[in-house]
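Structure 1 and structure 2 below are two forms of the same protein chain, each written out on its own as structure tokens.
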Structure 1
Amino acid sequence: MKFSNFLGLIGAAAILVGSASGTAAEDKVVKIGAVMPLSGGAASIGVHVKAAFDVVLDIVNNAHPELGNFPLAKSAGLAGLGGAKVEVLFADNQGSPATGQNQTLRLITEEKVVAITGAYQSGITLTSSAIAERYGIPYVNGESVAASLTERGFKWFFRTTPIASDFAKVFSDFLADMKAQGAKTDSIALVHDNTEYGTSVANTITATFKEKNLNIALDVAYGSNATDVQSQVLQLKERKPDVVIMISYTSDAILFAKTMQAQDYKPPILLADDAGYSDPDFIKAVGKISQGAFNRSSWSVGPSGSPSAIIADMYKKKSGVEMDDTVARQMTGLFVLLDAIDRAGSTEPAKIQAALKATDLKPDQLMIGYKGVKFDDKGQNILASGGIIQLQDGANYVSVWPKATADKAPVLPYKGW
């Protein structure tokens, strides 16, 4: 080999080494995987969550002094990792547990994400988190409510959202409070569809209410996406329960509101379990004939200038729609995960896991109305909670319970139209 060739080789090697170390120095991006429904029946959730996560990244990656002491807002990037920027890689779960699992594997092994969030549908969260568990990658879920998810003995799975039993407790406490104020709550009717959501929530409420000696007098089940609910409403009209609890998706909720008006039936208290009643489409379609409906929500806008109000504003600008409970819970999940990575000061899975276990966020550090975030051994947030909101004017929900965080007092009875 000629000497000049040798020199050339050395030079090439030096360039290679140089460029390699160059990328190492720029390697300050923390990659998070998000497995979400971007197509299929729940595709609209995917559209919203993309806008929502963009807002989270904006807050974390850029300086936002207007948010005050809100975690990760003050400085640009993650301070604990020397200002590293965060990137979220989305994968479409296509509404299928199999695809959700494949994509989680791809995000972990091909894209080398340091943690995962997702996957909206409980069944997909189940299969997708099983892969993360096997690979030892932290998985933070902000929105799936199936109780079984945290009963699997997983070490890498953390859930920030309240689940059905938490909401059932909110309902029973709220009704007890209303009773103390003179409302009648002696007989309660449950109206629910026969989907996973409808059945499991109805079962949980029934079990919780039984413990609290609240009497469920009537259980009205119907097939989801119903075309006619006259017989169900007639049943209610005949039995005259004091409280009707509605567990319905959007199209059914709209149909119930219209049928109730057509049959001139108004329960004294109408209490809804999120879902359809929180959908902006529901309010647009039948808000005016559902005045006074109560609903549960962990999200409420809060006074203007507060972090939650500012974030809601950013979200509305980005997505064109109002912030709702689901999106707020998903954003909270991502914030909690990023806060843990920041505190871990590392992208090593074990250190992130340790930081997640040590999470102890206070209510004023959250954009949502939880009592805080603190995980038990199973990975469930024990401080998750919610409140009651009411559609007083038929156009906007206002928080009415618990009293400490309420904007207005609850108005009884249900006004309807």
Structure 2
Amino acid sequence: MKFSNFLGLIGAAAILVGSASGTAAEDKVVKIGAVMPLSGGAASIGVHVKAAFDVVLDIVNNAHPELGNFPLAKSAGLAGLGGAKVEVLFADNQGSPATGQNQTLRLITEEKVVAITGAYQSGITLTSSAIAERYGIPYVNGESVAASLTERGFKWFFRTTPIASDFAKVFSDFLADMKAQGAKTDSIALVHDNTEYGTSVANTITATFKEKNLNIALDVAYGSNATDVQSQVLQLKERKPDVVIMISYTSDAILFAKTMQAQDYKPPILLADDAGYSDPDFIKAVGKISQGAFNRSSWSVGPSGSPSAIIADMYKKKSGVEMDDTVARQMTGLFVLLDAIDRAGSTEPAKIQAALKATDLKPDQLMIGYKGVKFDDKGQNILASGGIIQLQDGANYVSVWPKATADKAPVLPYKGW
């Protein structure tokens, strides 16, 4: 080959490479990893999260002027990265901490995601986020409440949701109000699974209630994904606590509701710690026999035409079910992560981390009822907050506490069926 021809080939190749890189810049895709349960006992959550994240991507990747000043909605794509589109790559954690860990490793090393969100169950978030920490990849959690997650000295982990201690205070204040209105709250039972979520939340509630002089008279633990909870329900029936606090994922929550009906057991007050009790599959399966159940929540649809109401409508059209608190908190986590990437103007992990640390979102910039989003040195959102909702009118949750933001008054005692 003549030298001149060789140079010509190099020149042509350079032009092709230059064209390809130019196209890549214009069509840049920001890849986010989502470690979620797509199989196993919490698989229904994974289905709902997929629909929810599709809505987030629609809002971020396309212009939505109807959402007004809601972050990331005005333009198509991430403006800070020249209109780059966002893609979410899902990985099935199968309800297993070890699998969640392995899937996080795959997303980081093989899929080259720039950040991670997940993993719903606190025990899986624990192992999954440890991998992200090791590789220096930002990890934003929107829904796991175990207090231990932000007590590990991690630098790459950020959590937007209220934590167990926040909700324990919500529970104690709510029960104090109910007592002031004449309800008996002298004896309280905790029912929880033996996962990181169930155990840590039960311990946090116990510690908080002790400070408030609330009596935990009974602690009922059981194996996650149980097939028989008759003995647990019999314990409750025999001891007759005034309040039963349920800390359970979806399949267990459904089983408890059916077993309570079979054994004709109704506690005077049934108060749930979100999780399975917020899952639309729970409401569909046993909502009609769980009337009067209280639940914690940070979600409210809001007035017609508000961003929260518009987003809720988009989600219902996508999923076929109403927006619930768990999904709303997960969506908020993803929105916060993408807002940080947009402000960073970069997909470099350190710049995303810096933007997350600088986050200071106001209530009107959120789709959920937090006082804002601002992280402390541990990565915990110090402005997260919540209230109490109740299953009323068939199979719908309504806000009942605090009174200032309630849609309806709480109804006692627990009706069940």
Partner chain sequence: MMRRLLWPSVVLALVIAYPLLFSTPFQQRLGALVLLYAIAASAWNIVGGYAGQVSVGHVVFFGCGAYAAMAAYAHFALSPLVGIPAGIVFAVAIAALVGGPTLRLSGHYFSMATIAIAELARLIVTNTEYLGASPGLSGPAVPRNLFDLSFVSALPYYYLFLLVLAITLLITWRMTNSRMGFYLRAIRDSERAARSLGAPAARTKLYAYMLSAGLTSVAGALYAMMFGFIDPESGLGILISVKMLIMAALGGAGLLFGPLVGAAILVPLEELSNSWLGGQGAGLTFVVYGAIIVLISRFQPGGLLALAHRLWERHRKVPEAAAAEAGHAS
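Please note that residue numbering is based on structure 1, beginning with 1 at the start of its sequence. It should be emphasised that the depicted structure is a prediction, and the values quoted were computed from it without experimental measurement. In this text, rigid core is short for the largest set of C-alphas that superpose within 1.5 Å between two forms.
**Request:** When you get a sec, tell me if the form predicted in complex with its partner chain is 1 or 2.
**Result:** The form predicted in complex with its partner chain is the one given as structure 1; the other form is structure 2.
**Message:** So the chain moves as two rigid parts between structure 1 and structure 2 - do residue 397 and residue 360 fall into the same part, judging by which superposition fits each C-alpha better?
**Reply:** Residue 397 belongs to a rigid part other than that of residue 360.
**Asked** In whole degrees, what is the turn of the smaller rigid part against the larger between structure 1 and structure 2?
**Response** 19 degrees, smaller rigid part against the larger.
**Request:** Keeping the rigid core fixed, work out how far the Cα of residue 206 travels between structure 1 and structure 2, to one decimal in Å.
**Result:** Superposing on the rigid core gives a C-alpha shift of 4.0 Å for residue 206.
**Message:** Please report, in Å, how much the Cα atom of residue 171 moves between structure 1 and structure 2 when the rigid core is superposed.
**Reply:** That residue's C-alpha is offset by 3.6 Å.
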